[in-house]
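Before any questions on how it binds or moves, here is one chain, the form predicted on its own, in structure tokens.
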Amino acid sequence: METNFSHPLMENNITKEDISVLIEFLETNPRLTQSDNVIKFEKSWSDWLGVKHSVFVNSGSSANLLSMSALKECYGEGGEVIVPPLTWVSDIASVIQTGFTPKFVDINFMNLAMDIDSIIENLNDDTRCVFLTHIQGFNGLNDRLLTELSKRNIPLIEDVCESHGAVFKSRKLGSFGLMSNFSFYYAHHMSTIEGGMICTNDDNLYEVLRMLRSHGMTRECDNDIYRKNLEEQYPDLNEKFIFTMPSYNVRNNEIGAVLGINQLKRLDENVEKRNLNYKIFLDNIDSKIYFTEFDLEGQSNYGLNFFLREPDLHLRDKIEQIMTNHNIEYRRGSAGGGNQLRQPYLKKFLGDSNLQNYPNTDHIHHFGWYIGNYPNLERKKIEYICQILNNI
């Protein structure tokens, strides 16, 4: 392997072809704020995912926030939202910001998602929804959870921000829940520079999400009958400026949509390449040192994820020093920097949590990592990285 070895978390996620398509678009002197290409991207994404509606926003975090806001608007205020302590900060922040109470459930090692038995044990009359994160490309669903939630009429909201194209029983993740969230941040499976998508099959929620995205304005409604019914309730107001709820401006733009449309064309192919990369990685990393028994069924791998079988701070520090010495960029704690219950924002909100109730999350927090995986990653480079990690 070359002397000046390096391995970043992401490279070439916006290609020369993407730039060429964007330049061609810009040369037409187009309108750049939300317009026809946003609509086209939303329709293309819905068709790809297998849902009725999609709403393009400026980030996956905004998708989280609007999902919780729509839940509050349509299902009422207050109550508990079941969330994992291993997730991105905005999942939990959006729960708090909309007045719900986060109820934490530990993860399992097989797919880094919330333990299904623990979710079901924590369901109660105060549960407003289960906000499940499909972490790092793994599927976090099973039939038992879906059946139990359906029986109790408890909504599922899926965070699929790191798992574009992952499937459960031949259906793409993000098509099961009442709503689902995706992120198109630079390092994710596909990128619109910054961006996110909220998806749903619920016609009413779709209209609420469109209004929440843009100041709560009725003119954002896609359904004419729905919009006119709202307008008739407020005859003293200009129909172009009826603000139905305290809301946000989290719209995206035509540049992001043009990139998204072009990137979507190669997403399925790139998912296959990423999955093959991860299999090569797991086949070559030392399974006596590192956990390798992940459930790969239906995966859409995001990063080369690994963690120590046994807690060992000395070994952890040695591994990190070796990765640093070889210019291997890494993130400890897997998704979102590890256990969110250790973060200052939650300590301010909840106080000190009983961390021994979340041993799996805490193990990943201290002894787990991911490193970059991308479609153009070569087999010999993966094998070389494994050789570095194994020779400790």
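Just count from 1 along the sequence shown to find any residue number. Not measured: the values here are computed from a predicted model.
Beyond what is shown, the protein has a form predicted together with a small molecule; the following relates to that form.
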| item | value |
| --- | --- |
| 4.5 angstroms heavy atom contact with the small molecule in the predicted bound form for residue 195 | yes |
| Proximity of residue 185 to the small molecule in the predicted bound form, heavy atoms at 4.5 Å | yes |
| is_contact(residue 275, the small molecule) in the predicted bound form, heavy atom dist at most 4.5 Å | no |
| Non-hydrogen atom contact residue 301 with the small molecule in the predicted bound form at 4.5 angstroms | no |
| Listed residue (270, 262, 98, 90) with a non-hydrogen atom within 4.5 angstroms of the small molecule in the predicted bound form | 90 |
| Of 37, 54, 59, 69, the one that lies within 4.5 Å of the small molecule in the predicted bound form (heavy atoms) | 59 |
| Per-stretch contact check against the small molecule in the predicted bound form, the hit in 227-235, 72-80, 248-256, 160-168 (non-hydrogen atom, 4.5 angstroms) | 160-168 |
